[in-house]
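Structure 1 and structure 2 below are two forms of the same protein chain, each written out on its own as structure tokens.
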Structure 1
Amino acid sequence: MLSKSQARAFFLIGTGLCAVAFIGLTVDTFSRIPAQTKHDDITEEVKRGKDLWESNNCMGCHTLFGEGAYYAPELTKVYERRGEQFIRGMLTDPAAMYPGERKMQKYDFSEDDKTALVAFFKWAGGVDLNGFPPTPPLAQGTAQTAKLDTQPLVFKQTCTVCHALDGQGGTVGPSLDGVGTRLDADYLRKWLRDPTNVKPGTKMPKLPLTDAQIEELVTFLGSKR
């Protein structure tokens, strides 16, 4: 059993060591913040995007960095998952991206607003969050993973929102299995450039695709026979 002087010494030494450890860990944490938050990548566009995120109360439906509501998808890694074209499409007309399904409000964002929000999401996705959010495993196993790896990035980020291929993807639009046997390259090219010119009244929106992305999709879809 400790004497009073020993107990006092134990308390003071223990408290001192814990305080030193706490201060050291705090200093170490703060020294890591600039690198982990990608401070050098915070441009004026990123700042403006953050202001738009807050002023439009996006956290009322979405989460970012694990904070916010859980009504709509988590957006920390949305740039990595969906890419710029998809984000711009959602910010332009959510209902057109998900006909009859998506409940997101249509905001009157200018092109500069969209560019700022894309920059903000791109920055957010690059922040080092020690593995958060985790990458979910694919339920279909390695064979399905191999199939997904052969798909162009623009297809995985944009087309699978509404269409399915090899059993993976959305159900809003028709399945793209065997699309290369049904449609030729010229038709696919015209359709991807502006679906409403090919079929007035179609639910498929005009996607903000570059000429290079259209050609990549034409080649990929044409191979699905």
Structure 2
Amino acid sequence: MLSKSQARAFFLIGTGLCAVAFIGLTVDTFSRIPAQTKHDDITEEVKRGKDLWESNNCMGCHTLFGEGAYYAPELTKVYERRGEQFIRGMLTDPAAMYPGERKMQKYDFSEDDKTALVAFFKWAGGVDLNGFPPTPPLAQGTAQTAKLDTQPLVFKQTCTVCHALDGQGGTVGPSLDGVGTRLDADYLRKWLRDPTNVKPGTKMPKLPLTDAQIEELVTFLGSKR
């Protein structure tokens, strides 16, 4: 059986070797981080975005790179998922973007602040995270993915937050399956320009859409019969 001094030697040598290996790996990691995280893309705006992210403790509800709290969505890929306009909306009035849902803090951000946070998310989305967040392996088959690919970008990013189509998307508004049989193109056009004009007090917000986007959406929705 080991004596006490042998036990001490085991402790000291083991700890020493592991500490040296760890420091070596750390040095190597720091030489590779700039390429893997696209360090050159960290502009003044991204830096300011990171400062705002920290000084407002967004991590106290959200995760980024999978780190943080488990109360609100993972935000690593939010720029790709929702796009700039929607994120700006969240940072202006979250309750309008997600009516009746779990509460996000409402902030008083200036336009520059919002731009900085968007830039930060855009940078974060580009970091190579070794495959995180994973693509859901059991998501409904490839037919589903093919259908998603025919959706206009603005629909995928914005409308699915509240509406489901083919079983995918949020539940704040009604499902848009077969909407083309219910509503005609003129109504859709008016509705998308400003829902509150058509139906005062509605929970669907006026979204910042360009005319071209509206036309694209009207055609797309019209085809959903």
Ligand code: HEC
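We call the rigid core whatever largest set of C-alpha positions still superposes within 1.5 Å between the two forms. Residue numbering: structure 1 sequence, from 1. Being a predicted model, the structure only gives us computed values, none of them experimental.
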Open item on the list: Tell me which of the two structures is the form predicted alone, please.
Closed with: 1
Open item on the list: With both forms fitted on the core, check whether the Cα of A69 differs by 2 Å or more between structure 1 and structure 2.
Closed with: no
Task: C-alpha of L165 off by 2 Å or more between structure 1 and structure 2 on rigid core - done: yes
- [ ] Can you read me the CA shift for L12 between structure 1 and structure 2, rigid core superposed, in Å?
- [x] 15.2
Task: Following rigid core superposition, Cα shift of T26 between structure 1 and structure 2 in Å - done: 5.1
Open item on the list: Could you tell me the distance the CA of P195 travels between structure 1 and structure 2 after a rigid core superposition, in angstrom?
Closed with: 2.7
